[in-house]
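Okay, so here's just one chain, in structure tokens, the form predicted alone.
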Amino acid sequence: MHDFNYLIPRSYRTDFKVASRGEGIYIFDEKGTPYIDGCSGALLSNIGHGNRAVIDAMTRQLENIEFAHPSRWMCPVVLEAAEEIAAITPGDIKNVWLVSGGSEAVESAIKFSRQYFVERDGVQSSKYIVIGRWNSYHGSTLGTMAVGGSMPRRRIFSPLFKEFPKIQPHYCYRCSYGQTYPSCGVMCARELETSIKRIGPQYVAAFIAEPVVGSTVGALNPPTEYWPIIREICTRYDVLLIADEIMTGIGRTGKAFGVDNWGVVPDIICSAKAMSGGYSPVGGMFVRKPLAETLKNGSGSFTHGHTYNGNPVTAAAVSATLRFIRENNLFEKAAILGSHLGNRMEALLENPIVGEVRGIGLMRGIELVRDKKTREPFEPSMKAAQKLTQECMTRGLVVYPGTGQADGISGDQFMVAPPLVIERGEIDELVSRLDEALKATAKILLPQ
């Protein structure tokens, strides 16, 4: 164990490995042992580790200027980053607000939604409520936690924030309505209309959701009709649609953004993580041009800000990352190899503790269960996801575990989301190691 006399770690009880260097899809410990980064850190290392193009771009920018306060200065590299982002965003989402993380991006979207309606309708506007979903995660600030629905993260801090209403997520494996798709009529999407009408459309400013649910349910992809229905409801009731693409954005699902899988254009996209490939802390809010024009032609400014808005070194990383992705066709590659990964992982359903395999592109998840027929989760005290993660690490594979999705307390799942630069043979090796880890975990959790 490490000596934490000075540093406050994520956990005092974790025996952390030492990351000494990274190369491609691998992270090496201090002994030189390679680990497949099977979750891209936290779904951010999309272009792999040690990418010279990004490192060199950041170095050049550092040699020019490392920081100039965004309230007084504009750096050309920031304008370039915005242009690179606008080249891949859907529809008329062309205006970019750069921050330093996903929580800041979502917090910005919440505040932007409120200011937009005040600018459009006047200070008397009553639209301020943002509807979220249970089993969602949108950040760790008080504002983003209030709209998020991840109970393990919320439980301690809930007295601190102003609560926002939530609807049930799409979760066919554990349907909140006891229905079966498609005969259900996608009730989970239509609940948004019920919620808006119950609250009053005049009070609802926005609805936020992840196109594919990430850390809280493990790559939970929606029914085909879900996002088009949500888009139509938001349009009909004058509610802004915010897509949290912090995990799904920048090619993870085989498209530039997750919503592109269903041809939906939200009003706001929040992104982060993979925008800079993991080379610099980054976040971004991207809005439809008419919304930005409302502020431009009204007060003339967004009443919000951070010191690191549009940091020039981060902007250099963003531009270099997006150029590398475009030059190497990584979106298209993620779609092709994502299908291969999904097919290979489907075979893991033979394991007695694998309840469901799900996801899109290079964002796949597995739900662990005690009983495959009843879908009964393991008791939280058994720490099933943690045990699986340990077995994977022993075999040189890093995955992204999560808990609590079944009922806010019980439930174990994990994601597999390797860098987009992974090759077909490396996917086969990844799944082989995962198969071995699942078999070992099953023996521990279900002893004969």
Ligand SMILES: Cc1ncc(COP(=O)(O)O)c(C=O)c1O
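Since the model is a prediction, treat every value here as computed from it, not as a measurement. Residue indices: 1-based, along the sequence shown.
Absent from the display: the form predicted together with the named molecule. The rest refers to it.
The candidate spot formed by Pro222, Glu356 and Glu367 lies out of contact with the named molecule in the predicted bound form, as no residue has a heavy atom within 4.5 Å of it. The partner is not drawn, yet in the predicted bound form one stretch among 114 to 122, 137 to 145, 304 to 312, 71 to 79 has residues with heavy atoms inside 4.5 Å of the named molecule: 137 to 145. None of the heavy atoms of Gly284 is located within 4.5 Å of the named molecule in the predicted bound form.
Looking at Met247, you'd find a heavy atom of it within 4.5 angstroms of the named molecule in the predicted bound form.
Contact check for Gly254: every heavy atom lies farther than 4.5 Å from the named molecule in the predicted bound form. Contact annotation: Gly102 falls within 4.5 Å of the named molecule in the predicted bound form, judged by heavy atom distances.
Listed residues Glu210, Asp267, Asp260, Glu84 were compared with the named molecule in the predicted bound form; Glu210 is the one with a heavy atom within 4.5 Å.
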